[in-house]
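Here's a solo chain for you in structure tokens, the form predicted alone.
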């Protein structure tokens, strides 16, 4: 592998407190090294020309693989008609699709934006093999996938039986068996209710057939997550998503983090908070709850969150929250797909278009921006569109410009529903995010939250050589007035290096490689005696509940391209 040295770049690296210094970066064997260790005469020299040099971007929540994504592609041929980009062999395969791109477009477009790691945030255990097959085919970027556990019958049995220790072991085994990275909860308990023809549940409602509430599920899985010492916190899609007035449920969910925190760090991550930040009693009286949620975030050190920011235009909603998708279908009256996964979850897919003149869509757009701009800690508020639910990931530069430029926000404020703005605080917010804060939000903070700060999200010696160079000079640009330069620069990185290899040069893909898939395996830390007891229990319940055999359920290491296990030490 050829060494590389990047010269004359303005580096922003929040982990190492570098705030735009002109410096060189050395790369050897896929890692960042002291530039003095690289022989310039034998290396590839990249003259950054006073451009911005940062670590590769990290997207903590983007639906890029699994059955729901594949069904989304099938049900939306109109999403592909005018988006085909022919292959350019040997560098790049053909790309197609916007809201549900093909696997090649996902990898290439993320890479061209300077992103090098993406988390698929929700997959049923029984469908994880499908998800990994798709992740294997996505080029360039590193990946990981979170496993759904909120309505899993075996997990609920153990909760209802108050067998906390066995629950922890089951969740540890589930991560091992599915090669997952984190535990995901979607509208906890509501899929059980949905399968029995009952409505979505709030935090204190009873889960049918179980002596449990959604609040119990969050606490018990949260406690297990902390005991297992997993690198990421529980990843929670709150109950009552998409319902007017649901910001109260979100606030109450955020408060639960302190109940099970065992480590000196955050203990709960709230996903796509825009969808759960609604005030009002109906769609006609909808209003923003963004200010209240930001206030709770600022006062509560146990919580992190991501936005699920609306960007306007076409979207394809897809989630394991089947009750919400059923309601959305009846609001849109166009297409929908639904699936019930045996013993595990239910899901739905509904195409949707966000319109600037819509009263509801305007409030949705404002909520995400309000939460981020009112948050005092950029390390705990991350940018997502919940791709493709609230917008597509290629719209991230729009979000960057909105939060960095009040002028750009005001331009959009003139275009949206004016009546809706009276129910939002966004027009009165003057804050503009700095470039340094943006790099925290899109690089350093997600790396830390995923427990990968040793190798990801920074440019220190020993880090993975995942680097993006953008065609802006941070000392010369004023993002507030020159937001068009922000939009242009972050849409296409000037150069991207992945694992020490140049994959994007002058904004074009020049090489296809395949990144890692990260997983965790706390199950190996379980003692033999306890594992023997658990496996007897598992075999009995698995045979009773599933139509697939236990042996065929477990995903083997060889099935995953470049599987990379993150070592952990459970506290059991």
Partner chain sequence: MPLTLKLVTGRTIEQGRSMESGGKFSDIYRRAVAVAEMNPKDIEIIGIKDNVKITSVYGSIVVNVKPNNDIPPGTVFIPMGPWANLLTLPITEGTGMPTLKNIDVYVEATSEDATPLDAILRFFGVNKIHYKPAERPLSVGIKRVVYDVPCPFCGEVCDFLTIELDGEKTSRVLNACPIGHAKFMNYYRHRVLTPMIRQESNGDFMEVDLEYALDKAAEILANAKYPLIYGLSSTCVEVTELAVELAEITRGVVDNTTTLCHGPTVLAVQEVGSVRITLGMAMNLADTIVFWGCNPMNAHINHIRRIILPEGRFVKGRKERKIIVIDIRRTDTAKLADIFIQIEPGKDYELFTVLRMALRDYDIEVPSVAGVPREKIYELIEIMRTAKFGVIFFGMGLTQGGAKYKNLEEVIKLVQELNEWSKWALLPMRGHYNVTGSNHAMLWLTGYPYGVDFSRGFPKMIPGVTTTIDLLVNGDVDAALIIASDPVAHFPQKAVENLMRIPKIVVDPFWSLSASVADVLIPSAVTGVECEGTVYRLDDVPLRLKKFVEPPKGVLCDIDILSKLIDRVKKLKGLA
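Please read these numbers as outputs of a predicted model, since none were measured by experiment. Positions refer to the first chain, counted from 1.
What comes next is about the form predicted in complex with its partner chain, which does not appear here.
Picking from 451-459, 263-271, 165-173, 68-76 the stretch near its partner chain in the model of the complex, with a 4.5 Å limit on heavy atoms, gives 68-76.
Residue contact check for residue 127: one or more of its heavy atoms lie within 4.5 Å of its partner chain in the model of the complex.
At a distance threshold of 4.5 angstroms between non-hydrogen atoms, residue 281 is out of contact with its partner chain in the model of the complex. Among heavy atoms of residue 546, some come within 4.5 Å of its partner chain in the model of the complex.
Not displayed here, its partner chain is kept clear of residue 258 by more than 4.5 Å at the level of heavy atoms in the model of the complex. Checked against its partner chain in the model of the complex, the residues 206, 285, 481, 87 give one hit for a heavy atom within 4.5 Å, which is 87.
Contact annotation: of the candidates 327, 502, 177, 341, the single residue with a non-hydrogen atom within 4.5 angstroms of its partner chain in the model of the complex is 341.
The candidate spot formed by 93, 337 and 551 lies fully in contact with its partner chain in the model of the complex, as each residue has a heavy atom within 4.5 Å of it. Scanning 133-170 for heavy atoms within 4.5 Å of its partner chain in the model of the complex gives 133, 134, 137, 153, 157 in sequence order.
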